[in-house]
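Listed next as structure tokens is one chain, alone, in the form predicted alone.
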């Protein structure tokens, strides 16, 4: 294995000029940039967004820009490694905080990227996906998969805010990202599937011969049930740590093809020190307080805050009080590409 590869400057200028004219370039001076030895060299840096600092900016956005002029009134959480305005929180995950005011309606559209909404605050908001009206309560996880029509509305009296998580960077990189607008959907006159067909864990509608299962049978994962399950699980787990993956109730697979979601509980005084993972991650705090250390950077987190970690990051999450978080990650994408990896610390 070569210790030191040749540089571009070592090549004669006339040869370099001829390559440029021919539209080619030598690989060897650039090889370590795209194939570093041993591990990636991520551009992504740990990020932290304090919700109490951002909240006034969201509310001012509501006063400055009506939803009709914004379509989606969102403040984007930009990766510090890429700078303000970057439409990435990690290499593959987009994050944004979206505001909807009482009486507003965000128009219906469908797009190629998939999205998940994690409700941060407020009551009375809802999302309609393929005609199914999904209430949005604090902590709920609501899917709007790629290719599914969706719109948002607000029947309450106080602002509603949610965190958007999308695989938008992937689709943008592939030059496959676009949206189509349409009229608001007719809503079915019945509760959503999380309250009917999938009310109880381990139970699903009886299979019919020849019946085709929906690709996304459940679009809403209520936080109340998630928190109760985490608390019960933690009571019988050493150290009071518990993790539960959000899965398709029919198949057990991840809820989306490229993004995974994991609910976490860390008991007061306890710490989670996961292995080094090849997946990047965003952590959204539902409730509780603690300290996160990511690649040596210290983040003091509280309710409704969000922070991120690049690939192969060294992460420690220490809870000062019982902490409940949702981890957004790209392991499903890496599993499909066949390279997901964990390394001991």
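Worth saying up front: this structure is predicted, and the values here are computed from it rather than measured. Numbering follows the first chain given and starts at 1.
There is another form of this protein, the form predicted together with a small molecule, and it is not shown here; the text below is about that form.
Among heavy atoms of residue 166, some come within 4.5 Å of the small molecule in the model of the complex.
Proximity of residue 109 to the small molecule in the model of the complex: non-hydrogen atoms within 4.5 Å are present. Shown alone here, residue 74 lies within 4.5 Å of the small molecule in the model of the complex, counting heavy atoms only. In the model of the complex, the small molecule sits within 4.5 Å of a heavy atom of residue 117. Judged against the small molecule in the model of the complex with a 4.5 angstroms heavy atom cut-off, the residues 49, 55 and 88 are out of contact without exception. Scanning 226, 98, 194, 92 against the small molecule in the model of the complex with a 4.5 Å heavy atom cut-off leaves one residue, 98. Contact with the small molecule in the model of the complex, judged as any non-hydrogen atom within 4.5 angstroms, is confined among 269-277, 183-191, 212-220, 149-157 to 149-157.
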